[in-house]
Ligand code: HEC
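In the form predicted alone, a lone chain appears below as structure tokens.
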């Protein structure tokens, strides 16, 4: 009986197995057919758009991965930073679609909203889930979200106290001014053992999960899986989370400063300032110019550390002074900065190649580097061709504090040196900027760089020009009076 029971049990198991093997989704099932179509479309789009970075197997080791910092996401682990789910949990389908749609600012992950259709985006999100078996076992659910009570000076003040206090200790990583330069910032690594830096909270337009207070609240509550940024859901109450979010939101506008059409150098009387804290700069407008990676020539840098520079300019008719600010989390002896102008202004406005000139047209470089606090004039005819000028006419001063450099450089408009550009007033002059962050092992030819902008040395309008305005008004009024008078006389006659 025991043997026959065993045989019967085995027979039942085999029969069940045979039944399972024989089972196939019905081709008449419209939902199964739609899922199959979605996966096929997602697989096709992924192969064309995503595979080059994320790899065939979703392991983040595509052909382009080695040149990217941070490296592309390894989808096999099921670790995702931007989520509406609890810390360590999988993202929802909507979370995946949002990242594909809007990209990850500050990385090489672009926004696909104007490239892919909504159907393609949702299909790619579905395909990404096939790389990790966690999606077969887990059903992610969004966490409860408390509606924001609204920002106020009181909420911001409470958030500032939490930011620097022992309860949240945000200052340890993000620094006193939120620029990512806290005392722990240089020692951070992600869960893959790779160095990682805290976000610069004063540039929210680069936040990977979005710049609004709502987005910031979510990041603080859910944390960033795989990174040192923890979830504060068990540390702070919802009201406190909102207070911190409002404080972080107050550090800077959501969008980058509007880029001006040109950099205006106001004219002043007397000597020009040489220090960054001189009161003369308070009356001068500041222009922001974004910087991107040098990707035109080897060595290419797709994600430079310095994202932009704020610039002010003054001249007194004989000299030009520039005040430049840029964020750098770590002061390093290999940090450097360049102001670039053509060595000669062409009559047809033809300019040298903005990546440090070319073989036909040279550029002047006002070069500063942290090592030995060097400040010198250089010429270049392209990448790797820098040469120090024999005559040096540049003076300046640099300061570093709270993750920010402030550099003031000053030079005569006409130095008498044949190698120098004579900087004219009342005329547009091409100008560009480049920055190197030494800790990231960037070099003078592979750091952050901007394209040509325009510098204009303003000339005050002569007082005589303003006299003509009331004169013109008076002449117009007089002419009108004469016309009216003549019409009245002819009518009365």
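Numbering follows the first chain given and starts at 1. Every value quoted in this text rests on a predicted model; they were computed, and no experiment measured them.
One more form of this protein, predicted together with heme C (HEC), exists but is not displayed; see below.
*Asks:* Counting only heavy atoms and a 4.5 Å cutoff, which of 253 to 261, 344 to 352, 164 to 172, 361 to 369 contacts heme C (HEC) in the predicted complex?
*Replies:* Careful reading of the contacts points to 164 to 172.
*Asks:* Does residue 198 reach heme C (HEC) in the predicted complex, with heavy atoms at most 4.5 Å apart?
*Replies:* Answer yes; at least one heavy atom of residue 198 falls within 4.5 Å of heme C (HEC) in the predicted complex.
*Asks:* Can you check whether residue 107 is within 4.5 Å of heme C (HEC) in the predicted complex, heavy atom basis?
*Replies:* Judged by the heavy-atom cut-off of 4.5 Å, residue 107 is in contact with heme C (HEC) in the predicted complex.
*Asks:* How about residue 227 - does it come within 4.5 Å of heme C (HEC) in the predicted complex, if we only consider non-hydrogen atoms?
*Replies:* Close contact exists here: in the predicted complex, residue 227 approaches heme C (HEC) to within 4.5 Å, heavy atoms only.
*Asks:* According to a 4.5 angstroms non-hydrogen atom cut-off, is residue 49 in contact with heme C (HEC) in the predicted complex?
*Replies:* Heavy-atom contact with heme C (HEC) at 4.5 Å: present for residue 49.
*Asks:* For a quick test of understanding: in the predicted complex, does each of 70, 219 and 248 have a heavy atom within 4.5 Å of heme C (HEC)?
*Replies:* All three within 4.5 Å in the predicted complex.
*Asks:* Taking 4.5 Å between heavy atoms as the contact cutoff, choose which of 380, 244, 314, 305 touches heme C (HEC) in the predicted complex.
*Replies:* For this set of options, the contacting one is 244.
*Asks:* Between the options 80, 135, 405, 289, which residue brings a heavy atom to within 4.5 Å of heme C (HEC) in the predicted complex?
*Replies:* The option sitting close enough to the partner is 80.
*Asks:* For a quick check, can you give me the residues of 345 to 368 that have a heavy atom within 4.5 Å of heme C (HEC) in the predicted complex?
*Replies:* Residues within 4.5 Å: none.
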